[in-house]
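Let us start with two forms of the same protein chain, each given on its own as structure tokens and named structure 1 and structure 2.
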Structure 1
Amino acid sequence: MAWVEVPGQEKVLKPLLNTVIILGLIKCANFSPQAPAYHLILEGILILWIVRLLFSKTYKLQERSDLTEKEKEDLIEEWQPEPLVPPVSKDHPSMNYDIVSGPPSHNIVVNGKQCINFASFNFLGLLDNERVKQKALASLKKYGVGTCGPRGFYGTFDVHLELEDRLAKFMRTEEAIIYSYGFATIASAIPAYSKRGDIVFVDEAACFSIQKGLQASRSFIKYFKHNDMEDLERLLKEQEIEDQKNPRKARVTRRFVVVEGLYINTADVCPLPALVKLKYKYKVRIFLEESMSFGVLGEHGRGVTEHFGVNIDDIDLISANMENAVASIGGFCCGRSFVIDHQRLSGQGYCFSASLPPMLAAAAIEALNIMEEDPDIFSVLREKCEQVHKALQGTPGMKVLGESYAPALHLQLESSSGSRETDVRMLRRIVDYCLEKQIALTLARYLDKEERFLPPPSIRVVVTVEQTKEDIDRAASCIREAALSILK
């Protein structure tokens, strides 16, 4: 410790020093033989330390002469700021787009070449459906292009309320709420309920939108191994023991389990019946993200609850986007009325984003009409999925990841090269080879540095009801040829 030199410092410090010394001498004079010896030693050390501080060498603030204008200019020219973001090679896959011309329906034009589409999540083929387009066009003429306002600020249209009512009835829940952006749906729903201090148990394979919702919630996150109910129960038991140590805190701590119905990163389904048993055993709430299973699984396309025959009331909140099977934009949550109404006041994507364009809401309503009128479409999709899954088996140097009824499968390398970049380049060459043969595939894309558990590189193969057996056989043959040529 040192003192900054101040004018008149000695005039202030010398009297103070004299006072300290006098007090010390008086203390010594009054020293009683009965007092412990360490007492005197300690006081003596303290006095010496104070004297040292008072007479320690002072310092002056660093002085420097003013720089000339030329020197300032030279310093500015020499200074190099750190990059705002890390440098990215122009060869990076995300920097090179495949340009689509026209609707991404069964036949898609990519980079000027017409291909059979095995890349877009148009599971039910409704994207280019004439009925859906006509409803959207009529809505466009009536309402205009957008809404220019959130739901609470003149952004609520009658068509929004109709869509929410139709979704709630379709899913057989009390109420539904719609969002204008699919990604923001679950990312807004999670932090609307789970706050700082709450606990969320999450599957390691959870999609990126779930991860962003968890991050925004600032809750305490505990990951369990993918679809491993024993690992989840282990974590729940550990938490139960912790709660017993502090029951007062446990009474105000909310606990959630967040899973996907059909995982986009692994193409397998969650063990929902086992999750429901754990819910009631350990008193947790289940949030179910169904973007990949809504309009796909179940006899009527209601998702994984219908697929397993689980009572939908056993699930506290269901979330899904309308950008896959429904072929529109946005997303929705459904459940009990008191649960859903809470989002109207605290769902960030609902409160602060412009509401869904009416023409897209109208398109979603017509898509629901088609799904209700023709429930056989779901069994057709399932058959196509099984055909694709079977056709891809035995692809040289590659393995198929996912359930046989999943509409978006993954093709991974059987043996990694040891370098993620090298693996991605090899898979990209397979995609390019197939594109030349008029089969449109895509790599599964991830934000490598943002993902909590980064999945291995893969090619995503998407199934739709419009694909014929000839299309499937042609695509499988093309992928085999590419694998033999590139992975040899």
Structure 2
Amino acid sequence: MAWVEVPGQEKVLKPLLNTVIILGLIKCANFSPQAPAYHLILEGILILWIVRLLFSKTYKLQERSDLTEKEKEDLIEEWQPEPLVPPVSKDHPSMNYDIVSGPPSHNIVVNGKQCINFASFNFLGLLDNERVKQKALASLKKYGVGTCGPRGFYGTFDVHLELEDRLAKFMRTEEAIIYSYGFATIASAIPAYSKRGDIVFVDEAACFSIQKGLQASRSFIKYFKHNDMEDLERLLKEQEIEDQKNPRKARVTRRFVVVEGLYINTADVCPLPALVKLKYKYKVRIFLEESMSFGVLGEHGRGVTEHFGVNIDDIDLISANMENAVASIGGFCCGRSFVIDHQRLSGQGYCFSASLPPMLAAAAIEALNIMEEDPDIFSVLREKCEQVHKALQGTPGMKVLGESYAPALHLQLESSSGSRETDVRMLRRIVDYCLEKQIALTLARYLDKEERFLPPPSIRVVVTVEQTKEDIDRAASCIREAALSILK
């Protein structure tokens, strides 16, 4: 009998062999001639088998175990790995960063030129706010800079607890949890709930941190067309049919839908009421990423749930970063305690990373104070967004992508040249032209090879409350000039 062993299995077979021998010996000890015939035959076979095993040669057909030492040395010598990193050409578009000297506020100095800032996500102008800075300074005097530990090991400060409390109250949910980095927030939250075997339906235009969270979760990912509720319904119906084939498995497979409030890649809003209807019809849980819509949409800046008037308890998890409207660093998740509390032990970015520096948390608290005291700021922002949106319409050769009330718009080429590289270069020339004319814009950056659904190249135009009508008109005419001269 050919006994093929592979490395490792030897470890299993040896004890098995020993067990067989011992059993055989026990059997021999209990041997009695009064036993029925089949008993004796079976025991005879067992004894013969043991004898065979004892005397057979176990030969391993281990892969490459027949290599001699010399051959191994030759292989080691011959093998040449690839270089650690491939060479990057000097004029790779991502090689040359624009250098900002001084603060990235409304008047920004880019590459040595004083410009008006249409590129930083400082929607509510809180980056320069005096009150925020004073609170941060007070916190600095008391706590120093870093927290020197994760939340579990004396890294929980009273400021963190206060910030979580305030965020929960502001969003009118039961609980909130803060992370020390915006990118890590949704990327840690998703794998905390969705594991191998679960199913996640996600919009094609989801941002990169959501994609990384999904990859870390090892669940089945099903993409539906951007903002297409019918496509989502089709996928959900298909899943329902699958479930009927295997109801036992379906009872333990969790399902989630991950969408963004305002999409960073397309600047449009998700159809939340329709989504909530689908949630109850097909029993899926909704995870809402609100980095761009927190502090922007809604009468009081509570985001897309307030914008549509959806009951916030219908959304299982809302995640947002505090790096846009709140002008600090970090991120948070909020929702019912039943959902959020779980992340305190299973959110990797929460448990295994140092907590948010207290002065950044203090700045976020003060930003929340300002947002609560003055809700008119949101309607001012919306007005400015409408102004910018209108002013950019009709730019020759370019189209504006995004809702009229979205603060971060995309300017895309109306007709692509066919090569992404050429398009990017043309857009870069427009950006450079505008920088010359003292309007700071930026190209929307992506990792071309890593994105699942790479968005077309575009220029990001960001609206902030600090921009005046003159600034907006100047920017719009500058972009128009640039487009005319470069895209002819």
Partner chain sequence: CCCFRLTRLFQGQESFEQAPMYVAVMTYLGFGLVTLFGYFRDFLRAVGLEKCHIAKERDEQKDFVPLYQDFENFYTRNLYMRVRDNWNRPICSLPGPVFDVMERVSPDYNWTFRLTGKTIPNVINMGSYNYLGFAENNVDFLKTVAERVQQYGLGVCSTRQEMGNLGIHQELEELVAEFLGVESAMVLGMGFATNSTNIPALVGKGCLILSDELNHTSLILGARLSGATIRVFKHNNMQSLERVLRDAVCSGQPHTHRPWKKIMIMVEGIYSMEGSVVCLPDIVALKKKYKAYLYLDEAHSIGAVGPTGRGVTELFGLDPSDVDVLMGTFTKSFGAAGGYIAGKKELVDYLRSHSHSAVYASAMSPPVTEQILRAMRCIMGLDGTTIGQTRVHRLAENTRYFRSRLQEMGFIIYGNDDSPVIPLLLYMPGKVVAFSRAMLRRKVGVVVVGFPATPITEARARFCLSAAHTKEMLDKVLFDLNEVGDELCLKFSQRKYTSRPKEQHHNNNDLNKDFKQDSL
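This is a predicted model, so every value here is computed, not measured. In this text, rigid core is short for the largest set of C-alphas that superpose within 1.5 Å between two forms. Residue positions are counted from 1 along structure 1's sequence.
K.L.:
Of these two copies of the chain, point out the form predicted on its own.
P.N.:
Only structure 1 fits here, because that chain is the form predicted on its own.
K.L.:
Fitting the rigid core first, would the Cα of residue 47 be found 2 Å or more away between the two structures?
P.N.:
Residue 47 C-alpha, core-superposed: shift of 2 Å or more.
K.L.:
Examine residue 84 after superposing the rigid core and state whether its CA is displaced by 2 Å or more between the two structures.
P.N.:
The answer is yes; the displacement is at least 2 Å.
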